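One chain follows as structure tokens, the form predicted alone.
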């Protein structure tokens, strides 16, 4: 394992602060990113306890994003048409944004965050408030096997991927498939999106690394979709190697070739990425400094876990950003970890109140720009750091 990037001491990305806690010492960890030359896997060095990250106070709700609701609805329809599953399992079902597109008897959710699991349970769905592992798989899926397992932006949160894939293989029936959706390492490196790294993202997978890992569990990728979710993700379709029903599509080789051409199997690529990250930091800080010397106010848009990494790495705090707007109910009235910037309930941007807006939720840029087209037309400016820091 080789270290290539240090993003400094970071708080837990989703540990939003109450006003009474602002003067208390926060738990922080050193966010160091590593590369494994044996399986090409990129991961963080210092892991945070899952119980500290995923608990009854977890703030992110998929259903509060129009983009995510629409995406899950369309995907559920597509999966039904393509695979016609009779029994579905979702690992990391959050507040049910995907799950609710199926009949209650057709799907089961696994969601360790009790506050989110309870939202779906109240709608009549079966959701287990547990961490996914082999014990859980053997307890519930020894007799009735699963046709389709879906997981979006969750498997990369699970430190023990050996346990993870053993449990998946055990639970799938012989012709069952796993649909795994996670941020694309290729897009992350190409866009200098270093904010894909935070405490919950233990791994950022490439097709190269995932292919090598899956071999050990008798699993293989048979199709890949490159999607725009979360700033560029891959949707992997995975089957048991013994399953000859699904043929391996050319998309698999295409993605492997793209990653090799870009050099995701070479350590030098990650060293170059680290240099670009440092350059990005310096440029973003200079943009903020220039605007503040003009006595202009800056607010933030989207108090995301990603923005937490950027703010803390770049040393941007409440002196630089007056407050953040966000639509997530749990975050409103609280303060971003580390930077201690207040999160306010979203209001339509008005040029008389705001001129510059830091785009924390850059991965929802299209949705945001559409919503704020009047603000932009009247001269409002957004600050972004992806793929390089600039004022839009």
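Residue numbers count along the first chain shown, from 1. Everything numeric in this text was worked out from a predicted model, so none of it was measured.
This next part talks about the form predicted together with a small molecule, which is not shown.
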> Taking heavy atoms only, is residue 26 within 4.5 angstroms of the small molecule in the predicted bound form?
Replying inline: no
> With the cut-off set at 4.5 Å between non-hydrogen atoms, does residue 31 touch the small molecule in the predicted bound form?
Replying inline: no
> If you check in the predicted bound form, is residue 331 within 4.5 Å of the small molecule, heavy atoms only?
Replying inline: yes
>> Under a 4.5 Å heavy atom criterion, is residue 371 part of the interface with the small molecule in the predicted bound form?
In response: yes
> What is the one choice in 60, 35, 335, 54 with a heavy atom within 4.5 Å of the small molecule in the predicted bound form?
Replying inline: 60
> Between the options 205, 150, 301, 132, which residue brings a heavy atom to within 4.5 Å of the small molecule in the predicted bound form?
Replying inline: 301
> Since the chain is shown here on its own, which stretch among 158 to 166, 270 to 278, 301 to 309, 184 to 192 would lie within 4.5 Å of the small molecule in the predicted bound form, judged by heavy atoms?
Replying inline: 301 to 309
